[in-house]
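One chain follows as structure tokens, the form predicted on its own.
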């Protein structure tokens, strides 16, 4: 049987640790496959690109998670519910879509205790997936976004939403940067005067960006708050994606034992 090929689609994608994570697991578990990265500039070409590269599966990162949803022939119930996909596998010529961000995120924040209220900074694809699973698990989620347009679907689902102009600060146990602000520069996900209002009241702060201390996390530390970057979320969603890629041939812990090495290399 030919070696299976997997990839991550995104823009930007050069920073992604996913190839290292998955290749360490493929090698460690003696699964005959290879995982690479692909800079996908236009999300509407996702399905065509997947086919042309003869891939068996992909992970999809910003800004193409909604395009990935639209590219799939079949969707699992949770992906169908939230409208975003970050994991696709090919079976008999059809594309099957899943979302592993949400369960990975839920596992990542489980170390924060006594968290009830959560403020999301940003309302993109990652927020779409994680807001729903948090709500299902009993958390109260509020979304703060630069523009009104992205908030419309959250309002329909009865989330509290604000723009920078309409924001009315409350106390939030956990404040999370869900945007790419800080990935390639020192920008903040919201105006500093807003962050200086909500961070001091929070129990902890988290950033979905991984591998660097963003300006947001630095600001949280200046207020003496416990912080966490997106490494655990990336690791856990990657393990769940790997389970889909390999038809659940391996246990969560056995995959984790190899994948987590990517964060110390």
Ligand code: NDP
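Residue numbers count along the first chain shown, from 1. Keep in mind that what you see is a predicted model, and the values were worked out from it rather than measured.
This protein has a second form, the form predicted together with this ligand, left out of what is shown; the following refers to that one.
Within 4.5 angstroms, counting heavy atoms, which one of the listed stretches 197 to 205, 29 to 37, 233 to 241, 48 to 56 is next to this ligand in the predicted complex? Careful reading of the contacts points to 233 to 241.
Looking at the partner-bound form in the predicted complex, is residue 219 within 4.5 Å of this ligand by any heavy atom? Flag for residue 219 set to no.
At 4.5 Å between heavy atoms, is residue 183 in contact with this ligand in the predicted complex? Residue 183: contacts this ligand in the predicted complex.
With a cut-off of 4.5 Å between heavy atoms, is residue 158 one of the residues that contacts this ligand in the predicted complex? Because no heavy atom of residue 158 falls inside 4.5 Å of this ligand in the predicted complex, the answer is no.
Contact label in the predicted complex: residue 115 to this ligand, heavy atom within 4.5 Å: Close contact is absent here: in the predicted complex, residue 115 is far from this ligand, nothing within 4.5 Å, heavy atoms only.
Listed residue that, although this ligand is not shown, lies within 4.5 Å of it in the predicted complex (heavy atoms), from 135, 146, 81, 107: Selected residue: 146.
Going through 174 to 188, which residues have a heavy atom within 4.5 Å of this ligand in the predicted complex? Please give them in sequence order. Residues within 4.5 Å: 178, 179, 180, 181, 183, 187, 188.
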